[in-house]
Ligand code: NAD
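Next up: a single chain in C-alpha cells, the form predicted alone.
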C-alpha cells in the first residue's frame, strides 16, 4: 500500500534504538524526511547513517535529552531549519525504572513525569501551532499497554504513561478541526533492548533466569510471542498517513492480545 508519505517531515524522539528506530526506519522507507532524536550522539549518528543507507532517503540526527525544555526547543528548531516544518511527530522515550511504590522517592516521580509525560507535552507545544496553521499534522505518542492494564512492578511507568493517554485524548479533540490527529500506540511486550534490561532486573530480584522471565511473558500473550519492533513501525506509518485521517484520540494496543479488557 502506498501511504503517500513522500517528502513528509517526520521527527522521531528516542529514534536511535528499539521501537523508535523501527518507526524511523519504516517512515524513511515510505519516503519521509526523518529526524531522529536521542541523548547519545555517537549511537544516534550511526543509526541515522544506517537508515539512510538502507532507504536512500534523508535522515538527520539531533542530540536531545527530552527531559530538557531547552534541548527540545533547540532540537525542533534545528530540524525545522534543515528539513522544513514538521508534519509527523512521534513522541517516544524509554521507560522509568521498575520497582514498587516504597522504593521511590519524590525525585523518582519527577524524573518519570519529565521523561514520559512532560516530554510529550513539550514536543507537542513546539509543533502544534505550525500543524494547525498548515491544517495538517500527525502526532503519535508511544506509551505502553501498562497504561491500559497496569503491570506489577512498573508503578512509575503505569502512572506517567496513563497521563499521556489523558493528554492525547484532550489534545486530539481540541485540534481535530484543523486536520491534525493525535493518537497513542500502546506496545505490549516487544523484543527490544529495554525489555532485555527489564528481564535482567527481574532475574536479579527473583532468581529466575532471564530466559524463563521471557517465557513467562510469552505464556500470558495469546499470540504466544513478543512483538517485533517493525510491527510498531508499520502501525505508526499508517497513523501518519492520509488514510488514517479520520482516526484520532484513540489508544491502540499492539500486544498480541495481552490486554484483557474490551
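Everything numeric here is computed off the predicted structure, so don't read it as measured data. Numbering follows the first chain given and starts at 1.
The form predicted in complex with nicotinamide-adenine-dinucleotide exists for this protein as well; it is not shown, and the discussion that follows is about that form.
None of the heavy atoms of residue 128 is located within 4.5 Å of nicotinamide-adenine-dinucleotide in the predicted bound form. In the predicted bound form, nicotinamide-adenine-dinucleotide lies farther than 4.5 Å from every heavy atom of residue 149. When contacts are judged by a 4.5 Å heavy atom cut-off, residue 19 counts as touching nicotinamide-adenine-dinucleotide in the predicted bound form. Looking at residue 124, you'd find every heavy atom of it more than 4.5 angstroms from nicotinamide-adenine-dinucleotide in the predicted bound form. Contact with nicotinamide-adenine-dinucleotide in the predicted bound form, judged by any heavy atom within 4.5 Å, is made by just one of 93, 86, 155, 184: 93. Scanning 213, 60, 195, 221 against nicotinamide-adenine-dinucleotide in the predicted bound form with a 4.5 Å heavy atom cut-off leaves one residue, 195.
None of 132-140, 176-184, 108-116, 163-171 except one has non-hydrogen atoms within 4.5 angstroms of nicotinamide-adenine-dinucleotide in the predicted bound form; the exception is 108-116. In the predicted bound form, the residues of 55-74 lying within 4.5 Å of nicotinamide-adenine-dinucleotide by at least one heavy atom are, in order, 64, 65, 66, 67.
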